[in-house]
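One chain comes next, on its own, written out as structure tokens in the form predicted on its own.
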Amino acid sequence: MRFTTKLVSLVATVILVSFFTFLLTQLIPGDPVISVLGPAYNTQTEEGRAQIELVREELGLNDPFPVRYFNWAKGVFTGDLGNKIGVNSAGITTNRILKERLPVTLEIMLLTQIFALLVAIPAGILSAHKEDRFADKSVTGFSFAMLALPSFVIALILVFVFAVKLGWLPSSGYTRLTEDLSENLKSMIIPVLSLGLGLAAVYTRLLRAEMISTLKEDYILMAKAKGISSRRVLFRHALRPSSFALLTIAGINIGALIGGAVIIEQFMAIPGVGGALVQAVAEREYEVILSLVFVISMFYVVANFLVDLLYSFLDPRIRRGTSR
């Protein structure tokens, strides 16, 4: 029953997200017809105005808002995300753009989350276990430093050190996984570190706070009194109940990762969804913008849905619908 309720909630959220995404995109200033006509767009002559009106009619831009939303949503939910309409688009579809670029962005996001968690979990546990000692202060200081630096600043530093000075890593570009695994990983190091260091700092601070609170619980004190080793107490008894907030923030940060990826992809000339979105905005490809924003929103919604399901795995009380 609980899963069914969550699924119904997910469907309702998807519909609402699609509606508000469409609504907000319609508020973008400018005329989509400019993308179609290019230099031929002319509102000064009667012939030009007639041509503009003809294109608007062909694109369905004269239809009422509910009709335009329904036509767009019907296409999206049946797998048709629309086409580029610019003069040089050559029939390029949004599906094709996503097929080529989405795996790149997903790889960056996945590797960034893995890196951030691999760093944050041991660092957070160590910091909580050594509260107010040298190790804790060192981890805390490094976390604050990473939180203070935007991802693009970290990227600039890493490019200067490892690409320009040492020549170990490429300063820009992307090698696909299917072409060369080694070069692919090299091209991912700077983007992943740029996004992951700040994220790891957030996760570390959050886990540290939760672990410190958990380690003061009565059942933890009882486990220590029974002579259970510190390692077992930390990893078996304290980590699991302390991971709820971390799991929530990891899901929420999917949206932040996508936003950061847009900047990093542009900075390092990586052909991901972020670059496609920026290009679509520059070319006034409104239908492409709409579909890409919707797909990005869906990743955020689905990620949070999966996080909600994972709660049931981590805490049996949620499955039973009880509080204790």
Partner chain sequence: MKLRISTLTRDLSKRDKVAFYVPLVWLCAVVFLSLAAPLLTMRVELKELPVVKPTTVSTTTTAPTSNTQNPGGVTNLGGGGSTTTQAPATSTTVLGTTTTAPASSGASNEVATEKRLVAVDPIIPIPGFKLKPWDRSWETVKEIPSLRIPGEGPSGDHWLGTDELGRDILSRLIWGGRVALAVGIVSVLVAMVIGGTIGMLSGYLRGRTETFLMTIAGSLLAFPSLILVIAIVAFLGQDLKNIVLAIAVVAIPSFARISYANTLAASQREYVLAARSLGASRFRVLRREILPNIFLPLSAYALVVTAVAIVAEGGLAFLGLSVPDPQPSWGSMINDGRKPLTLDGTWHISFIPAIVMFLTVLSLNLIVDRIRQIAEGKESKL
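The shown structure was predicted, so the numbers you read here are calculated from the model rather than taken from an experiment. Residue numbers count along the first chain shown, from 1.
This protein has a second form, the form predicted together with its partner chain, left out of what is shown; the following refers to that one.
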### Query
Out of the stretches listed (119 to 127, 189 to 197, 174 to 182, 156 to 164), which one is close to its partner chain in the model of the complex, meaning heavy atoms within 4.5 Å?
156 to 164
#### Entry: Full three-residue contact with its partner chain in the model of the complex, heavy atom 4.5 Å, for 76, 201 and 305
no
### Task
Scan 219, 144, 168, 235 and let me know which has any heavy atom within 4.5 Å of its partner chain in the model of the complex.
144
### Query
Ok, 148, 245, 106, 135: which has a heavy atom sitting within 4.5 Å of its partner chain in the model of the complex?
148
### Query
Is residue 55 close enough to its partner chain in the model of the complex to count, meaning some heavy atom within 4.5 Å?
no
### Message
residue 152 versus its partner chain, in the model of the complex: is there a non-hydrogen atom within 4.5 Å?
### Response
yes
### Query
Looking at the partner-bound form in the model of the complex, is residue 68 within 4.5 Å of its partner chain by any heavy atom?
no
### Query
Given that the partner is absent here, does residue 11 sit within 4.5 Å of its partner chain in the model of the complex, heavy atoms only?
no
#### Entry: Stretch 283 to 301 - residues with a heavy atom within 4.5 Å of its partner chain in the model of the complex
284, 286, 289, 293, 296, 297, 300, 301
